[in-house]
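First comes one chain, alone, set out as structure tokens in the form predicted on its own.
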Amino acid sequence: MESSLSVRNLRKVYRSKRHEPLVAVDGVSFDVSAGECFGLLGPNGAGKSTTMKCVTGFFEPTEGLVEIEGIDVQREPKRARQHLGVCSQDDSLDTDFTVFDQMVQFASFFGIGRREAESRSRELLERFQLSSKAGELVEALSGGMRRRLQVARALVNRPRVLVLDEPTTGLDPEARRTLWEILAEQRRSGLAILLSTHYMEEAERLCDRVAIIHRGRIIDCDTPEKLIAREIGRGPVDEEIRPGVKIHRPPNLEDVYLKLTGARLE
């Protein structure tokens, strides 16, 4: 299957006259196909966000190639971004706009005419359960609603690839589940999704494949089920719930990460 997103031998090295070079991403390669959610799983500092910023063209990689729909992100950034939707880890919404105007204004950055921008905005706000908030200022929204609006805004140009950097960090469980349902729907519609997360439940729930990333390198990659079966097996795992008290539970991706890296996800 042809890849919507292709990353080859990506490296990002930060250099300073006062310190040794810092290798943030070290030879990362992966592909994401249409209708697939590919996850980068690891704690803060593992290299997930730097990888994402190189993929979106925000950072220039030290080495390597990133292609979106076959277009080199570094050589043709404007053309590549026409196929790209981005939801960064930080809240980048403009609080001076209403919810609806936020969407229409963002669409204009892609050369989308006013009438079409309004039509797409209404459609997306309905799909993301935000229609009732269309006339309200962004600053009046709850955290969960603001996150949904960020994802909706990232889809207004009808991208082929959606990049989500820690999309549910800071959300309460109900808001997180709502966003998961929306993202699963988008994946089924044929969108290629690149997702970074440190929540093992999120990776297991959304991702067709997961790359375990540690110190800037992918150290294993497969479906969540195959990673767990290969690294841990299918038997119960001991978990200490308080000193001296253990329970048995099914293995999960955090057990995989702990075995491979010696560190926990959170």
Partner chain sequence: MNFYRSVWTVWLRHYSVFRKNIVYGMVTTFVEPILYLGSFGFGLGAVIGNIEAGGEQVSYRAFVLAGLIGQTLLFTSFFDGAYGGFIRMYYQKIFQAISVTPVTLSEVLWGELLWCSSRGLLSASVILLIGGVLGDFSWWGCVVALPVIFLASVLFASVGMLVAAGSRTIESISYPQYLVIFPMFLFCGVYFPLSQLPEWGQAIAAVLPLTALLSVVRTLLLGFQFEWWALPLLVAWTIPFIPLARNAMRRRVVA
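This structure is a prediction, so every number in the text was calculated from the model and none was measured. Numbering follows the first chain given and starts at 1.
One more form of this protein exists, namely the form predicted together with the partner chain; it is left out here, but the text below deals with it.
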Open item on the list: Which is the contacting stretch out of 119 to 127, 93 to 101, 165 to 173, 182 to 190, given heavy atoms within 4.5 Å of the partner chain in the predicted bound form?
Closed with: 93 to 101
Task: Close approach of residue 155 to the partner chain in the predicted bound form, 4.5 Å, heavy atom - done: no
Open item on the list: Given that the partner chain is not shown alongside this chain, does residue 56 nevertheless sit within 4.5 Å of it in the predicted bound form, heavy atom to heavy atom?
Closed with: yes
- [ ] Report yes if any heavy atom of residue 132 sits within 4.5 Å of a heavy atom of the partner chain in the predicted bound form; otherwise report no.
- [x] no
Open item on the list: in the predicted bound form, does residue 82 come within 4.5 Å of the partner chain, counting heavy atoms only?
Closed with: yes
